[in-house]
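Consider the single chain below, provided in C-alpha cells and representing the form predicted alone.
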Amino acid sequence: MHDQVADGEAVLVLNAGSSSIKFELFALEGGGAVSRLSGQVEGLGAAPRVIARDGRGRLLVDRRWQQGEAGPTDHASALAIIIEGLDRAAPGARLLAVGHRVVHGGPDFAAPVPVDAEMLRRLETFVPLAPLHQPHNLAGIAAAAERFAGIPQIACFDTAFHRSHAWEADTFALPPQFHARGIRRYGFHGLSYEFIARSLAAEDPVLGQGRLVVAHLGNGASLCAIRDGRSVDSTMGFTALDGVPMGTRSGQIDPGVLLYLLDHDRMSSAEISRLLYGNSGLKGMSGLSQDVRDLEASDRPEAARALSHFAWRVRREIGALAAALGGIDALVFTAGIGENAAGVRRRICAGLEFLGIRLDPARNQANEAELSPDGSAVRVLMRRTDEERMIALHVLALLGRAGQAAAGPDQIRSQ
C-alpha cells in the first residue's frame, strides 16, 4: 500500500464479518474527515484475499494467498495485515479511536458506546439475538483492543437507529413480560438508514423532514419508514430473519410452519436455523444462487419465480410502511441490489402507481440518482449507502469532535 497519508489525526473503522474484515481510514483534515484508505481482508480460513484502495478509489493492493501459503486465518491475523497496510500508507497518522459495527445493541443501547472488557461481556449476551453477526463483530473488537492498546474502541449499533419506535411498532402481541425481557422488534441496518436519512437532510432539508421509505436491498434486505429523520418502523424484528426474503434468509414466515417442522418433520432447532438462515431466500427458492445477477441471467423458471416473489414482498412492505407514515414523499433504494439492479427496481415499482410511485425507464436503467420522472408526486431515488462513514461520524461525535461530525455525511467524502 502506498500513496502515504500526511501526519495527522485519524479514525479507523472496522466491520468484522464471519470470514472477513472491512476497514476504512478517515483522516481529519480541513474541518472534516476524508476517506484515505479502504478495503477488506476476506476468505479467512479458506482462500484469503486482501484488497485495498486509496481515497480516490485507485487499487493499491489485490493479493491472494494460494493453497498452502500462510495467509490470515482469523480476525487477529487479518487485523495484522490491515495494520501493516496502515503503517505503510499512513505512517504518521495518530489514531484517535477505532469504530466498530456491532449488529445488536439489545434494548438498552440507542447510541454508540466505548467498549472495555465489561462492556464486551455485556454485548456477548446479545449473541443469541444475532448469531450470524454478533460473535464476529465482537471478535473484531477484541482483536483491535489487543492490537491498539490504549486507543478507544467504539461500538456503533445497527439496532440503535430504531430505538425511536413507538410501543405499537416495537412490541409483539405477547404477554407484557416478554417485552420486558427484551423480546421485541429491534430492526437492523440502522447505520445504513441513518446515513441515508442524514445525507438526504443535508442535500434537501425539506425532503429530510419528509416521509421516506428506504429499501436497503442486498444479501441482507430490509425496509424502513423514516419521518423527520427518525425511524418509525422497519420490516426486520427480533432478529435479522424477519421481513422480506433475502439472499439466503427466509424473511417473514408463519410461526406455525416452524411448529410443524419441529413436531411433524422432527427437525432440530439447529436444522431449522440452517434452513432459515442459509438455505432459504433467493438461493433456496431458485435452487441456483443468491446473486440477483445469476438469477436474471438464468432461463430457469425457478430463478424467475424467486425474483418475482422477492419483488412482490418488497412491494407489499412499501405499501405497509407508507401506511405507517400516513403517506410517502420519497422511495429510496440503496445497498447492492437497490443501487445496481435496475430490473429488480422495475419489478418492485410496477403496481405502485396508486401511491404516486413511477420510474423513468431510462433513468432507472442508467442507475441515476433520481429514478422518477420530473414532477412526480413521489420521488424515487437511488442513493449509495456507506455504513463505515456513518460509524466514523458517530466516533467523532462521541469524542467531542463536533467540528468534524456536526455537518453530517457531506463532510466525510473521498479525497
Ligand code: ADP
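Just so it is clear, the model here is predicted, and its values are computed rather than measured. In this text, residue numbers run from 1 along the sequence as written.
One more form of this protein should be noted, the form predicted together with this ligand, which is absent from this view; the next part is about it.
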Problem set entry | Heavy atom within 4.5 Å of this ligand in the predicted complex - residue from S199, S231, S192, Q290 | Q290
Problem set entry | Proximity to this ligand in the predicted complex, single hit among G220, G99, G187, G281 (heavy atom within 4.5 Å) | G220
Exercise. Pick from 312-320, 146-154, 105-113, 332-340: which stretch has a heavy atom within 4.5 Å of this ligand in the predicted complex?
Worked result: 332-340
Problem set entry | Sequence-ordered list of residues in 228-250 near this ligand in the predicted complex, where near means a heavy atom within 4.5 Å | none
